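Heads up, the chain below is alone and in the form predicted alone; it's given as structure tokens.
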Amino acid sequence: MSQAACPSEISDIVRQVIAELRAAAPASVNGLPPLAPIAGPVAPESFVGRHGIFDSVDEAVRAAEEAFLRLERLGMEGRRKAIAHIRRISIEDAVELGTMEFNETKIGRLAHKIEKLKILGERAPGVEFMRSEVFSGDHGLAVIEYAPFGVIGAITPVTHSLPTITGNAVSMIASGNSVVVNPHPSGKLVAAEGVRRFNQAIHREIGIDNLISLIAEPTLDTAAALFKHRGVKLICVTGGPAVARAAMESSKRAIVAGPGNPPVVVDETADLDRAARSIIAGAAYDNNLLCIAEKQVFVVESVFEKMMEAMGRAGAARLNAQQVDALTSKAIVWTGEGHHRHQVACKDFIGQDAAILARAAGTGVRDDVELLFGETSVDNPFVPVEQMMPFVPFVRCRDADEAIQRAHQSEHGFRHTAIIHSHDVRNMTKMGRLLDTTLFVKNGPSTAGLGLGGEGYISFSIATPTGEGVTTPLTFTRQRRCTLVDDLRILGSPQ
């Protein structure tokens, strides 16, 4: 047997090997290690220059796979540099891209389109959310890492086309993934422009293209193909009931941000003026397109008229019974056949200004009025339908218990968002337990539930049916445990 090397000789050998490796390695670029060719079925550099825009689902997924493999080798610093460009462009180009989205989709409010991009650029959760967990004991060490899935397939809505892509991309790339997006057809142009700009900037900085890939001509068929593609490891869907059901019926793991119909309860202990300002701030934001926005309000009878007066003082315009009926007949329509026949919001009114709705109701309001409201019965279709337009029905209730029960019925068990205005802790507790929603806001606008006027972080993918809640980078990871038995223990008794 050869004689064992002494510690000084081992140190000399290690230093020599490190020096040889450094001499043989090419220079780094932008502070990141160089990218060697990728071995395997993916041709190196095959999709560079496409900047994320593809006609084929298969090509988009293959490009995203290549991007994922390259990102994996750049570590956390590569992720940090990639999402920094998404943030910067979302903020610097917010006016241009927000205007483009407003002109293309023709829904919502321009100022809010711009604001959403800026907010997500500033506050979407990134690499700071990533962490590892360590368990240390007598039998060694276990480290739990949060590892990426790989390529994520994402479906995004017309209500927040580029903002949803922006927020999701920051979180997904922060957790080490790449993403292929099938945008809503009515928001595909601004989605493509945003994705192109993101990829160009990322490629210039770290040499990786197509971290965000997008289907240029999205259809139901391309969405189905994305769901089924072998290269897609995880699905993230933000949209209505139909696409949510399709995602949950897929054989793949799905994170689903489904529909909501958020109710509001106002009891006799509430600060009515504050409640009115909050309801207008949440329900009028982007003309009620937010899935968390106040959709119907249940007020106890003893303060009902005072609450209606507070709404007027806060700047909303009240419709009388005849005007409410006129608006309802035009803004809520029937769709489907047989057992599938149901009422939905008319597309002509979704996301339109309050002045347009007022004209349909047979009246007029000033252009600066952001919200209409009026008293309805609990049977009015504006109560159960997620209308996504700036009219909010107010329902008179005998007491807080009835208001909470009505709120529960109107929310349909989506368990998405609920709001209460009250200083009675027991009423807050009753409502919270009964509705069991992902977001529960007390004495503030619905937007406070996403950290806008309240605490917390923001994301436009709120996974209610599948239970992940307001998504973060950790949402798009899988746990990986590494266990070391006995060795490298410093504390404790020697074995």
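Start at 1 and count along the sequence shown; that's the residue number. Model, not experiment: these values are computed from the prediction.
Omitted from view is the form predicted together with a small molecule, to which the following refers.
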For a quick test of understanding: in the model of the complex, does each of P263, N427 and M431 have a heavy atom within 4.5 Å of the small molecule?
no
Residue stretch of 71-79, 315-323, 172-180, 148-156 approaching the small molecule in the model of the complex, non-hydrogen atom distance within 4.5 Å:
148-156
With the small molecule left out of view, which of A361, A124, V243, V383 would have a heavy atom within 4.5 Å of it in the model of the complex?
V243
Quick check on this chain: which one of R406, R415, H229, H184 has a heavy atom within 4.5 Å of the small molecule in the model of the complex?
H184
Going by a heavy atom distance of 4.5 Å, is V57 a contact of the small molecule in the model of the complex?
no
Is there a heavy atom of S461 lying 4.5 Å or less from a heavy atom of the small molecule in the model of the complex?
yes
Might I208 be said to contact the small molecule in the model of the complex, defining contact as any heavy atom within 4.5 Å?
no
With a 4.5 Å heavy atom cut-off, would you call A223 a contact of the small molecule in the model of the complex?
yes
